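Only one chain is shown below, in C-alpha cells, and it's the form predicted on its own.
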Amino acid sequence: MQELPIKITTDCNLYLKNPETSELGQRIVTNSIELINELGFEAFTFKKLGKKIKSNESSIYRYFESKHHLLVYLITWYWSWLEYRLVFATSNILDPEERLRIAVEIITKKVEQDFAFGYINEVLLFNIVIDEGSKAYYTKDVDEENEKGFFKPYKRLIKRLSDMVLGVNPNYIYPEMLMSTVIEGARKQRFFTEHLPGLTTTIKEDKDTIVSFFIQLVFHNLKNNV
C-alpha cells in the first residue's frame, strides 16, 4: 500500500538529528522498536542495535543522545500518532457523547498496523507503550525533561480528550484527571491481561472488556458528578 503524506511531529529536543530525514534514521527507529519489543528496554543497548542494523554504534549516537531519549521519542511518537487517529475519527462527529465514546474506544483498544507509516510497526510500538511506557517519565530527570517539552504530545492529547469531556458535561471538574486515568489505566490493564491476569477481568472473545469498562467508567462519572 502506498504511504500517505502524513507527518507525526515530535519535539526536536528528543533527538540530535531527526531520524525521519534519512534512511539510516528510519532504520534506527524501525529496528529499535523490534529490538526493545524483543529484549525489553533494560537489555536493549545501542551496541545491539548497531549490530542489528549493521552500522557503527557511533552512528546511532548521531541521532539520539541516549537510549532513554530514544525511548521517549518512540513513546512520544505513539501519543502524537494516537492524537492523529483521534482527530481523524471524530472530526465529523457532531454529537458530543458519541465523539467522546469513539475517543475512549480509540485510546483503550488494541492497536492495528497503520500502513500510512511504513517504517514504524505500530503494533510492536503499542507493546512497548504497554510494557515500557512508564519508564519514559518515571525518572529523576522528569521535571527537567518536562520543561524541555519532552511530554508535550501526551499533554496535548489529554487536553484534547479533556475538552471532549467538557463538551459532554461542562460542569465536570476533573477532566484531565479522568482522561489521564483512562489512558494509564487501560495501559496497565493490557499489561495485566498479558502478564498478571489475576488482576484484571478476562477479555471475552466477542467483547473487549477493557474498552467497555473504561467507556462505562467515563460516562458513569460524567452523569454522576456535577
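Residue numbers here begin at 1 and follow the sequence given. All values reported here derive from a predicted model rather than from experimental measurement. Basically, rigid core = biggest C-alpha set you can superpose within 1.5 Å across the two forms.
There is also a form predicted in complex with a further copy of the same chain; it is not shown, and the following applies to it.
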Item to check | a further copy of the same chain in the predicted complex: contacted by all of 40, 175 and 209, heavy atom 4.5 Å | outcome: yes
Checklist outcome for this item: The listed residue (148, 110, 85, 135) that reaches within 4.5 Å of a further copy of the same chain in the predicted complex by any heavy atom is 135
Next on the checklist: Just to confirm, with a 4.5 Å cut-off on non-hydrogen atoms, which of 26, 55, 45, 181 contacts a further copy of the same chain in the predicted complex?
Outcome noted: 181
Next on the checklist: Considering non-hydrogen atoms and a 4.5 Å limit, does a further copy of the same chain approach residue 191 in the predicted complex?
Outcome noted: yes
Checklist entry - Can any non-hydrogen atom of residue 216 be found within 4.5 angstroms of a further copy of the same chain in the predicted complex? => result yes
Checklist entry - Wondering, does residue 59 line up within 4.5 Å of a further copy of the same chain in the predicted complex on heavy atoms? => result no
Item to check | Contact flag, residue 131 vs a further copy of the same chain in the predicted complex, heavy atom cut 4.5 Å | outcome: yes
Item to check | Contact stretch among 136-144, 117-125, 100-108, 69-77 - heavy atom within 4.5 Å of a further copy of the same chain in the predicted complex | outcome: 136-144
Item to check | Core-superposed comparison between this form and the one not shown, residue 203 Cα displacement 2 Å or beyond | outcome: yes
Checklist entry - Between residue 111 and residue 203, does the Cα distance in the predicted complex come out closer or farther than in this form, changing by 3 Å or more? => result farther
Next on the checklist: At a change of 3 Å or more, would you call the C-alpha separation of residue 203 and residue 154 in the predicted complex closer or farther than in the form supplied?
Outcome noted: farther
